[in-house]
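First, one chain by itself in structure tokens, the form predicted on its own.
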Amino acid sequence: MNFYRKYSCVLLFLLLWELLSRLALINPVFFPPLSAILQTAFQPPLSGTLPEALWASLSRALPGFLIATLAGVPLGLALGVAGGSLKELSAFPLEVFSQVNPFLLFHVLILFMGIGEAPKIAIVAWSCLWPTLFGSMNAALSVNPSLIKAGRAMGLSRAGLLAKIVFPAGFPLVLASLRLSLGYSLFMLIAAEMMGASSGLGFLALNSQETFQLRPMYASVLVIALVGLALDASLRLGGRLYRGRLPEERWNSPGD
């Protein structure tokens, strides 16, 4: 029942799409029935092309997301608990770099890195870095100062303080920033594949649109949406498993 309440609008939209297209109340050439799109996705040649495109996209998006996570989370947490002078010195450069347009940067990366996989992974990492970094900074700032003082009084090193106190206590905000950056990874990758790639879901969708193969185009878009939902669900599940291992008192807010 909770599932239907949560996704009722989406299910209603898909049902209307199917009915309106079947009844020709909307042009079935431009808006094929959803059932026909699904049928196309599982029939040759698309049934052989989609898995290859999916693998090509994931092999670019996931490494870029992982690079951004490994760099952004520790750096964000460290800046969040750093002294005032370091925060002031880093605030302006971070603000400037975070405003660099990824689409323009992509052409610069191609110039220096070529048209292979490296610039695509790099642009995904760049796009994911900033929500991860700023979200981790906010997570560190939300931690109860008494916990940080207690950790320092117990002689924890900076790395130990971040790993044992700041990260577990600020994990909800860190997880929210990771979910946001994961969405960015797919968004930027699809755009990058449309601009300079010969494989992947973005290339497949664009190529289908340019050749007026609308059913494969819609099938590609549908797969992109489902992949995004699956990755987000996996990240949420991992977050719940990690959260379940933490002592309950670590989830208390500073005001509790």
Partner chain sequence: MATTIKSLRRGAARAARRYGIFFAILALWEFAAKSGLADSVYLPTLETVAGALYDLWVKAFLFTHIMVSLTRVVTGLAVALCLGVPLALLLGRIFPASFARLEALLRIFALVNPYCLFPLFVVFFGVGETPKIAVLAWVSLWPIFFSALSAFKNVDPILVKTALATRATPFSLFRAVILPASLPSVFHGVRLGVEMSFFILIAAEMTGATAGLGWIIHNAGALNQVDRIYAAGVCVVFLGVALNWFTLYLKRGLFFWDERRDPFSTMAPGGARRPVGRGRLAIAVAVFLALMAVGAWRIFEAERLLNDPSTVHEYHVSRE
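All figures in this text were calculated on a predicted structure; none of them were measured in a lab. Numbering follows the first chain given and starts at 1. Definition used throughout: the rigid core is the maximal C-alpha set that superposes within 1.5 Å between two forms.
One more form of this protein should be noted, the form predicted in complex with the partner chain, which is absent from this view; the next part is about it.
Interface residue among P168, P102, G151, P74, judged by heavy atoms within 4.5 Å of the partner chain in the predicted complex: P102.
Across the options 194-202, 50-58, 63-71, 35-43, residues that bring heavy atoms within 4.5 Å of the partner chain in the predicted complex belong to 194-202.
For Y242, no non-hydrogen atom is located within 4.5 Å of the partner chain in the predicted complex, even though that partner is not displayed. Contact annotation for L147: none of its heavy atoms lies within 4.5 Å of the partner chain in the predicted complex. A residue is said to contact a partner when one of its heavy atoms sits within 4.5 Å of a partner heavy atom; E117 fails this definition for the partner chain in the predicted complex, lying far away. Although the partner is absent from this view, C9 contacts the partner chain in the predicted complex, with a non-hydrogen atom inside 4.5 angstroms.
Residues A91, F92, P93, L94, E95, V96, F97, S98, Q99, V100, N101, P102, F103, L104, H107, V108, L111, F112 are the members of 91-114 with a non-hydrogen atom no more than 4.5 angstroms from the partner chain in the predicted complex. After superposition on the rigid core, the Cα of L237 moves by less than 2 Å between this form and the one not shown.
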